Ligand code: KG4
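Only one chain is shown below, in structure tokens, and it's the form predicted alone.
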Amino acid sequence: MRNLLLSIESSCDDSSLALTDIDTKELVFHKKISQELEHSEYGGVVPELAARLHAEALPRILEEIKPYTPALRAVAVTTSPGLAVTLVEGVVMAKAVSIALDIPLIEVNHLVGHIYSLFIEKEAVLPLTVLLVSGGHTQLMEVRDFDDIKTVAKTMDDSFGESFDKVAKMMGLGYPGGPLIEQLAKEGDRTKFTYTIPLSQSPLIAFSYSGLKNAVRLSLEKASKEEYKDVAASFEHIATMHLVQKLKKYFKKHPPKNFAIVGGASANLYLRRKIEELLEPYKAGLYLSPLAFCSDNAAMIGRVGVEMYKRGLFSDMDTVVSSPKSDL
């Protein structure tokens, strides 16, 4: 009989469950129900609506894995960071499963999940320099081992993915903004609007998108609808070059051997191409999550859960709480 780990992800607007084979790391089952359509009319995630939709979707998915119940050996759940009201939906379910089946409970940090999205059904390749770009985070990390992760730079305000969402909202494009801006940018002129690269004169290895976002807002006030594609292209270019510029500065003292981009915004193909170009002189290996696992998903939580199970890193039922602001 298989030894399976159930994983649950509900940190934002994706309801997801997965089953991972503890011995082989095989992804036996994975399902995600997105809430993008429900939130699109608001231009972003409405936490209370997201929580209500999780309460409906998670039990439906759990019903599908009933045949695997005898093989479950542990349940892993995202407990931080994320939206408190949505995290709690997954935590409550995980506790119920743990009690009902008398199996261990495992708390997983969402950001570690993104790192291990690189290694779904694979052995981990470490050490690794990792750039995490998502709707909630932009940070650079040195991942030396499973329990040795150091954040070396992070955003001072908006995240890379968040800035795409906000620019898309300014244009009235809908939510999520990343894919919409990326698609529109393909038709535009990346040099039409000469936005300043954030922190270009600062020696700090840090990120910032609030100023760029404001510059885009000002240009949109004067731009015609026809010029929106040029705004999108120019914004995407500068937002990406900001990352490239800061990485280049960091690499002067810390040349990369293996580098990875993770998080929902890592699906951006323009970003991937520019990072590939940046890494060429270093002959560094580039690791990318499959597009299906860039955004929030339970498969990555399960992959971390397997590592924690093998290390015996289980949680006491009374200590498991959802924590919206827990970072690495």
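Note that residue numbering follows the sequence shown and begins at 1. Worth saying up front: this structure is predicted, and the values here are computed from it rather than measured.
Unshown form predicted in complex with the named molecule; subsequent notes refer to it.
Partner contacts here mean any heavy atom within 4.5 Å of the named molecule in the predicted bound form, and among 85-93, 143-151, 121-129, 157-165 they occur only in 157-165. Contact between Ala267 and the named molecule in the predicted bound form is found at the 4.5 Å heavy atom cutoff. In the predicted bound form, the named molecule lies within 4.5 Å of some heavy atom of Pro179.
Contact between Cys294 and the named molecule in the predicted bound form is found at the 4.5 Å heavy atom cutoff. By the criterion of a heavy atom within 4.5 Å, His237 is excluded from the residues contacting the named molecule in the predicted bound form.
A single residue from the set Ser117, Ser98, Gln139, Ser134 has any heavy atom within 4.5 angstroms of the named molecule in the predicted bound form; that residue is Ser134.
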